[in-house]
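Only one chain is included here, represented as structure tokens and corresponding to the form predicted alone.
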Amino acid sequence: MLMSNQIELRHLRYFLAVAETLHFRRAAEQLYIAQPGLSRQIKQLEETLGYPLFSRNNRKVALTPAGEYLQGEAAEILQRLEAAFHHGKLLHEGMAGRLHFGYVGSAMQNVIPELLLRFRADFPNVRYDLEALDNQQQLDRLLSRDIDIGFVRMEKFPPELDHRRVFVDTFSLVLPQDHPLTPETFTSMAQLKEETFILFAAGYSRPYFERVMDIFDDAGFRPNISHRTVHATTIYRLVENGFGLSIVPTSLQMGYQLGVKFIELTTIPQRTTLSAVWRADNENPALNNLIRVL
């Protein structure tokens, strides 16, 4: 409307100063403007509104009923605007906002919790969405801009994505608690060539699956794979109940209370790498701050 176009923020600030002091000279001093100029601004505001905000009798200034109402409303409006401007500044600087994470399960064992604890200490106004996704799903969602950052077990990435190695992990054997093999008696994967194995499905991460297959190739046999899954809990339940053995990233030992035991494969050359990956052209300011903490 024409009226809203004619009223500016300064009019509200001038009005509130006079409403608080009920004295034009003192209000002008607070605002660092000349008293005649302040009086003209208030008169202009009243003419635009079409009703008086102050009554002036015998040098005494008082609010009209309309002025009393507008004082409360204008003060709230200005407070909300100040808060909005401040929040906009925080968003621009990446101090506030929202980040959407994708991750493979092992990243939630220690990497992401530790990262968020450090990040939250400096950026407490940033909120997070966390979604468990396989590697390819994360790449697809990054390319479609549905997530801001992913944590994947991959080594090759599309050119649109930047990445950073976060954690290099060993592999560990997973065995039932009563399996006769122990860290002391384990000498080679060749000891297990007659065993059945339960592994993460190749579709979960083809590079990861191929790295695990390299472990068997170096031992001189191809494993008998009875089950493939994308869930660590499923692997552990099957191993616990005697359906086979498994190989997982060592960090996946954490957080599970199941009837299995682990033998870390420290003497083999194979390692699995967890990388953070994000779009190079992502304009979310909070992401740049997260990457610096990372």
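Numbers for residues come from their place in the sequence shown, where the first is 1. The shown structure was predicted, so the numbers you read here are calculated from the model rather than taken from an experiment.
Although not depicted, the form predicted in complex with the DNA is the subject of the following passage.
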Report task. Name the stretch: of 43-51, 264-272, 237-245, 66-74, exactly one has residues whose heavy atoms fall within 4.5 Å of the DNA in the predicted complex. Result -> 43-51
**Report entry** Exercise: L258 in contact with the DNA in the predicted complex, heavy atom 4.5 Å
**Finding:** no
Requested in this report: Consider R13 of the chain shown here, and say whether it contacts the DNA in the predicted complex, taking contact as heavy atoms within 4.5 Å.
Outcome: no
**Report entry** 4.5 Å heavy atom contact, I225 to the DNA in the predicted complex
**Finding:** no
Query raised in the report: Q253 near the DNA in the predicted complex, any heavy atom under 4.5 Å?
Result: no
Report task. May I ask whether F24, R56 and R59 each come within 4.5 Å of the DNA in the predicted complex, counting any non-hydrogen atom? Result -> yes
